[in-house]
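Let's start with one chain on its own, the form predicted on its own, as structure tokens.
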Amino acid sequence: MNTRILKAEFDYFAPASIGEALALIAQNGPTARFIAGGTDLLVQMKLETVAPGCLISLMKISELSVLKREKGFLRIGAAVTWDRILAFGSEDRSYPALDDAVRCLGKVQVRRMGTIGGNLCTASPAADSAPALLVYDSRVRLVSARGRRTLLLDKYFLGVQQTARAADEIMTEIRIPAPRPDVGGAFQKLARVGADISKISCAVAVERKGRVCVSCRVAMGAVAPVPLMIRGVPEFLQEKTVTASLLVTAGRMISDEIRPITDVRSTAEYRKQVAGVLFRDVFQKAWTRAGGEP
């Protein structure tokens, strides 16, 4: 457990509206930071790797706490906690890959405080939510004094802890299109222990008609500088009858496409070797969910 105290002094604000938050970030300059649950930023501050002169909390802004289905998509406010998403997924099974991912996310304390927007803004290549959101073709909405814009999540990640969000922009919500009826999804990660950061993770969303793969989307975490959409495999599998040998070939293609590194959690060689096996396991789970049969 990290028991360090916060040594540096900083100003703290808790605005009640997006307009107030944007005014505060403009007034306080480049040392100001937005904060939601703080499960990442506060750890960095305790370790003294970052030292903001000002923290602007987003947790009292009601617009960022929306969680509801609207015609054609699901809206998840950026300040919605993992616990709320988990409760939603227990009642609405439309996005099983996201539900799988949230169940893998840290311990109780993290799920109660951590937010989906904070996870995406931190932009770790191993972020568990990212692959699941990518296979559902999610978008993020960003707001600044200059206006609003919507980005595909696939275009949002630029590098390790780098995103297309400007320092003066607030992520307000994530929008996930409603899946078609015959789409199944799944997520799985490999880690040293259950609550640890992923060594490697995979999400799949697949649409099937009988034994034929109509379409699929595949994303992986901790295999590249960003959470990675897999490009070649969906085209390879499209309109083919799914067999064990077909999935073995697809798994090899994934191992060739990913760009992992060696770090404290795993080696690049290990990630290359297990990527295809992990994909096959996750695909089979998504496949069964799509059609009710193996």
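Quick note: we count residues from 1 along the sequence shown, nothing fancier. No experiment lies behind these values; they were computed from the predicted model shown.
Just so you know, the form predicted together with a small molecule exists too; it's not on screen, but the next bit is about it.
Arg33 within 4.5 Å of the small molecule in the predicted complex, heavy atoms: Flag for Arg33 set to yes.
The small molecule contact in the predicted complex: Ala78, any heavy atom under 4.5 Å: Contact with the small molecule, yes.
Partner contact for Gly185 in the predicted complex: the small molecule, 4.5 angstroms, heavy atom: Output for Gly185 is no: heavy atoms all beyond 4.5 Å of the small molecule.
In the predicted complex, Lys189 touching the small molecule (heavy atom, 4.5 Å): Although the small molecule is absent here, Lys189 would touch it in the predicted complex, with heavy atoms inside 4.5 Å.
Listed residue (Leu74, Leu105, Ala224, Ile85) with a non-hydrogen atom within 4.5 angstroms of the small molecule in the predicted complex: Going through each option in turn, the one that passes is Leu105.
Contacting member of Ser65, Ser266, Asn28, Thr39, with respect to the small molecule in the predicted complex [4.5 Å, heavy atom]: Selected option: Thr39.
Contact at Cys121, Ala126 and Met171 by the small molecule in the predicted complex, all three, heavy atom at most 4.5 Å: So, yes: the whole triplet contacts the small molecule.
Interface stretch in the predicted complex with the small molecule - options 146-154, 162-170, 200-208, 213-221, non-hydrogen atom within 4.5 Å: Every other range fails; the passing one is 162-170.
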